[in-house]
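A single chain comes next, written as structure tokens; it is the form predicted on its own.
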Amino acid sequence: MKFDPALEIQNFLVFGEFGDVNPSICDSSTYTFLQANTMEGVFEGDIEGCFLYSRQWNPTSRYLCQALSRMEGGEDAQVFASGMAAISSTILELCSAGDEIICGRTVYGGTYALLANLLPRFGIKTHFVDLSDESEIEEKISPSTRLIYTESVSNPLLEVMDLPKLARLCQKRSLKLVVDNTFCPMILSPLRLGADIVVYSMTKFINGASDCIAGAAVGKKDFIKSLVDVNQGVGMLMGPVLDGFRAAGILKNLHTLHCRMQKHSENALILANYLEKTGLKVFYPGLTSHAGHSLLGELMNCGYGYGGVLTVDLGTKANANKFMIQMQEEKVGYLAVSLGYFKTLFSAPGHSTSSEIPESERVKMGINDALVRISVGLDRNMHETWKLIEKCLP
């Protein structure tokens, strides 16, 4: 039977014959030992399964890690205080001074700023390339290259990455493939498509309530173990820990993710079709006109649709701004960054979520100030919602 991430979570049990329906929240920073040599063994990394200090593991966050591992078809996971904490911890665990990274040209602005502005201060260089052009990737690979970083579906232009092709290239050149799957939880399973590590901003679809900031990394046991190593693990020593209360809330919301992704995708496809019929340029992989439509159809898990985010070109910055303001006034949703909320959210990525990218680079990527990114909500009747949106169009 084809892999179904929702079924994997459904079959994830944390209790035995008797216990809470939801895991009890552990509100402790440190944990007791019966023997001094056991504590010593945990510190040295010789003993696993014991809780030592919540900066490393917390019983509640551990449940969330195990559920995420099952959802992704991975071996283990670690959760973080934000998506950027997950991304930066993963990259710094894999790279040292003198190393190089190859990254897709179109990525989230915060990721771009990390790679282009911050990491060079630590001697780590990034080459931004068109990941659909294998010759361009090969040209940038050197003995110092450690990983290829990509978003499974790019932010904000919704370009679909050929993950199996990138995975084969990475395996051939002994590189790690790190995939940000924030836009497509359950829709895509990057680890099963050949990626080494998948990262998330759980702030978005996974949590789905816009009430917390959180991130995750899922991969092999050895990698996660290295992240939380007490002597040199980035996830341990930099302390980007996720609070147990937040972990408990995300775990509860995770069990409705399959329903939410189905409805987000259903509504986004309806809206994308309506917008395209007006003659506007729409970026959404669920449309047959989208360059990545067939590829995503080949790679995706069945039943979850093509995602809940689309981007539309309104022609001018003035049109984009007027459209968003009127959408908010018509109660369609909120003029706000982020995505994955039950209400529709919209923003102009050129001067919000992609603003860290220099304008000259945004032009090369195809990101202009007329673009509006829409995270489509869980509206009961999207056809009725369209009547409101149609009134807002320039």
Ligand code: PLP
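Numbering starts at 1 and runs along the sequence shown. Note that this is a predicted model, so its numbers are computed, not measured.
The next section is about a form of this same protein that is not shown, the form predicted in complex with ligand PLP.
Chemist: Which single stretch, out of 238 to 246, 178 to 186, 279 to 287, 318 to 326, brings residue heavy atoms within 4.5 Å of ligand PLP in the model of the complex?
Modeler: Of the options, only 178 to 186 has residues within 4.5 Å of the partner.
Chemist: Please pick, from Gln262, Ser82, Asn253, Ser226, the one residue with any non-hydrogen atom lying within 4.5 angstroms of ligand PLP in the model of the complex.
Modeler: If I apply the 4.5 Å criterion carefully, the residue I get is Ser82.
Chemist: Here the chain is shown alone; which of Ile213, Ala113, Val230, Leu92 has a heavy atom within 4.5 Å of ligand PLP in the model of the complex?
Modeler: Looking at Ile213, Ala113, Val230, Leu92 one by one, just Ile213 meets the 4.5 Å heavy-atom criterion.
Chemist: Under a 4.5 Å heavy atom criterion, is Glu151 part of the interface with ligand PLP in the model of the complex?
Modeler: Result yes; Glu151 sits at the interface with ligand PLP in the model of the complex.
Chemist: Wondering, does Ala195 line up within 4.5 Å of ligand PLP in the model of the complex on heavy atoms?
Modeler: No - in the model of the complex, heavy atoms of Ala195 and ligand PLP never come within 4.5 Å of each other.
Chemist: Classify Phe128 as contacting or not contacting ligand PLP in the model of the complex by the rule of any non-hydrogen atom within 4.5 angstroms, answering yes or no.
Modeler: Result no; Phe128 lies far from ligand PLP in the model of the complex.
Chemist: Taking ligand PLP as it sits in the model of the complex, is Ile206 in contact with it (heavy atom to heavy atom, 4.5 Å or less)?
Modeler: Result no; Ile206 lies far from ligand PLP in the model of the complex.
Chemist: Can you tell me which bits of 324 to 339 touch ligand PLP in the model of the complex, meaning any heavy atom within 4.5 Å?
Modeler: Counting only heavy atoms within 4.5 Å of ligand PLP in the model of the complex, the single contacting residue of 324 to 339 is Leu339.
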